[in-house]
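The form predicted alone is given below as one chain in structure tokens.
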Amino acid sequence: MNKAWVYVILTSLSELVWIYGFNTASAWWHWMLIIIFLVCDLHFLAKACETLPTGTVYAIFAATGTVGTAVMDVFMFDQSLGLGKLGFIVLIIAGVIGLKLTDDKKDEEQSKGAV
């Protein structure tokens, strides 16, 4: 696996951890951990953007945060997942896949033009 994709995974996981922390933090050291994960999150995001298209990285980052938060709400905080919410989650995932596919096409066209 490409190192940049590892950074995408790490930024996505870091985001979910600090979002979870916003819901559960009750002591000062919890907030310190949240700040550490926030800083790590932005660091991994920046490292991923060094080699991958920024639009793709940010779309995955935002989608993971949105979908992950919705899933966390359902399974960890006993919130409901209605049909509307599920439909919009599917739209987000479709958007991320569409961005990735169009970025791949653009890369192929650029590499053909360079030859």
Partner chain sequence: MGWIFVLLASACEITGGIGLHYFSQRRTLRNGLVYFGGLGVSLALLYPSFQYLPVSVAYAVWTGIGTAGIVIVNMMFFGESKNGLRLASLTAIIIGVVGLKAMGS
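In this text, all values refer to a predicted model and were calculated from it rather than measured experimentally. Positions refer to the first chain, counted from 1.
From this point on, the text means the form predicted in complex with the partner chain, which you will not see here.
Review point. Just to confirm, Ile34 within 4.5 Å of the partner chain in the model of the complex by heavy atoms?
Key: Residue-level check for Ile34: no, no contact with the partner chain.
Check your understanding: Should Ile9 be counted as a contact of the partner chain in the model of the complex, where contact means heavy atoms within 4.5 Å?
Key -> No - in the model of the complex, heavy atoms of Ile9 and the partner chain never come within 4.5 Å of each other.
Review point. Does the partner chain get within 4.5 angstroms of any non-hydrogen atom of Ala62 in the model of the complex?
Key: Ala62: contacts the partner chain in the model of the complex.
Point to revise | Leu101 within 4.5 Å of the partner chain in the model of the complex, heavy atoms | key: Yes.
Exercise for review: Give, in sequence order, every residue of 20-50 that has a heavy atom within 4.5 Å of the partner chain in the model of the complex, or say none if there are no such residues.
Suggested key: Sequence-ordered list: Leu42, His43, Leu45, Ala46, Lys47, Cys49, Glu50.
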